[in-house]
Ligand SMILES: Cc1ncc(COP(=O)(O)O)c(C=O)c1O
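Below sits a lone chain in structure tokens, taken as the form predicted alone.
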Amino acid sequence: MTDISNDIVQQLDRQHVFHSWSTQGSLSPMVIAGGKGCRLWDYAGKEYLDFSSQLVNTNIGHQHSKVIAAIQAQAEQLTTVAPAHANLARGEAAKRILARAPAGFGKVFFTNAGADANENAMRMARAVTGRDKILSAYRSYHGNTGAAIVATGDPRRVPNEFARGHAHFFNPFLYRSDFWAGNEEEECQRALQHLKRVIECEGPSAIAAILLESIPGTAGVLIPPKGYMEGVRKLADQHGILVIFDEVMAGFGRSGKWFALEHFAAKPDLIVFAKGVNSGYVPAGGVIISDEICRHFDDHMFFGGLTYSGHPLAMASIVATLDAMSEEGVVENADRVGNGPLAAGLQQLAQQHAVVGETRGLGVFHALELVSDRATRAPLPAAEMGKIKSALIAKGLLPFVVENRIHVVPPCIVSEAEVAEGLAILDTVLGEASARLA
């Protein structure tokens, strides 16, 4: 079709598509026609520098030629197969994931996305321990399916609380401390004491697992203070509780390492992944299972399964993505550029603009916390955030905006020149916002 336009695509969407997390009548979705690397464009030729990685998943960038070629080759050979059969692409994908996981993990259970990966990790924990309850943080997001949305801490769980056996606790966040902490050491100690009390009050013998994002993403890119993850592991071990690390957003290069858990000395029993494992080219997720849990299921039935578990097209895209990331030094680039010019530039923005209360992050996983008053740390109102988002898009930067934050999360392949371009747009727009609040 040569007569496609933004208007035609948007009209088609609004007539027939029901969108997630939305009031349908007020939507006006941005139209995207294509992309390459860190850039996207619409049918009018308007180009955007993608500083959102869509939903923080296109770690390898858009339209990577090797990944596309692998999907095409697999489609020509075998497009689908039941999960009960052995398939080369699935075995190779699992082998590559395990090669990058910590020692002591034996197998991978594949799912369709991060939400059902969390569902099955919780199911495994309950099966192994014989316990029912899952503890998870209030500042978290684990997916939109039945138990995953109830494990989620943010307010979207409230209309969806139909699953049983969930309790929440406050994870550390010094900038908005729930523990009246004055420094990271106090925040860590008090958060661990709080978790200890929650475990005691919920009944240690009733708790199957503690589910934590290694670095909470949607909640604000919250880097755990030194010693916190290790403290959680110690508390869990004292009571025979399993630990699940959700690496759906933070994994596969996002933090400047293959897994964000590598920043800590704590090792979980189960690792949940999705998004960056193949940049979302074909839906895929999964659970990386420790040797001990694998042994349990050698002679115990696992009551779970999915028609598309280990779908060949998804598996081929995982193999090609992980190979390309290794060959091209993508994780190293995320570390060098993300912890170098990107982090330094964001720190400079925080110093220059009164609207920025704090910047934090690792690799290409950062957030700018925007405030209307630095002294009180009052979050910037939604109306002002809307103006900022619109201004960024108008200037050609596609942001990831959550509440009063701009999550700065470009693909792991982002160049220093692209970082400079994105920071310049942020500088202009944040300067305008600061002037409005002066």
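For clarity, every value in this text was computed on a predicted model and none was experimentally measured. In case it trips you up, residue 1 is the first one in the sequence shown, and so on.
This protein has a second form, the form predicted together with this ligand, left out of what is shown; the following refers to that one.
* To do: Answer yes if any heavy atom of G256 is within 4.5 Å of a heavy atom of this ligand in the predicted complex; otherwise answer no.
  => Contact with this ligand, no.
* Would E119 sit within 4.5 Å of this ligand in the predicted complex, counting heavy atoms only? -> E119: no, not in contact with this ligand in the predicted complex.
* **Residue contact check: E213 to this ligand in the predicted complex, 4.5 Å heavy atom** => Answer yes; at least one heavy atom of E213 falls within 4.5 Å of this ligand in the predicted complex.
* Answer with yes or no whether T218 is in contact with this ligand in the predicted complex, where contact means some heavy atom within 4.5 Å. => Flag for T218 set to yes.
* To do: Spot the stretch among 77 to 85, 189 to 197, 248 to 256, 331 to 339 with residues whose non-hydrogen atoms come within 4.5 Å of this ligand in the predicted complex.
  => Comparing against this ligand in the predicted complex, the contact stretch is 248 to 256.
* To do: Quick one: from G143, G153, P225, G231, grab the residue that has a heavy atom within 4.5 Å of this ligand in the predicted complex.
  => The option sitting close enough to the partner is G143.
* Which pick from A115, A208, V356, I97 sits with a heavy atom within 4.5 Å of this ligand in the predicted complex? -> Contact with this ligand in the predicted complex is made by A115 alone.
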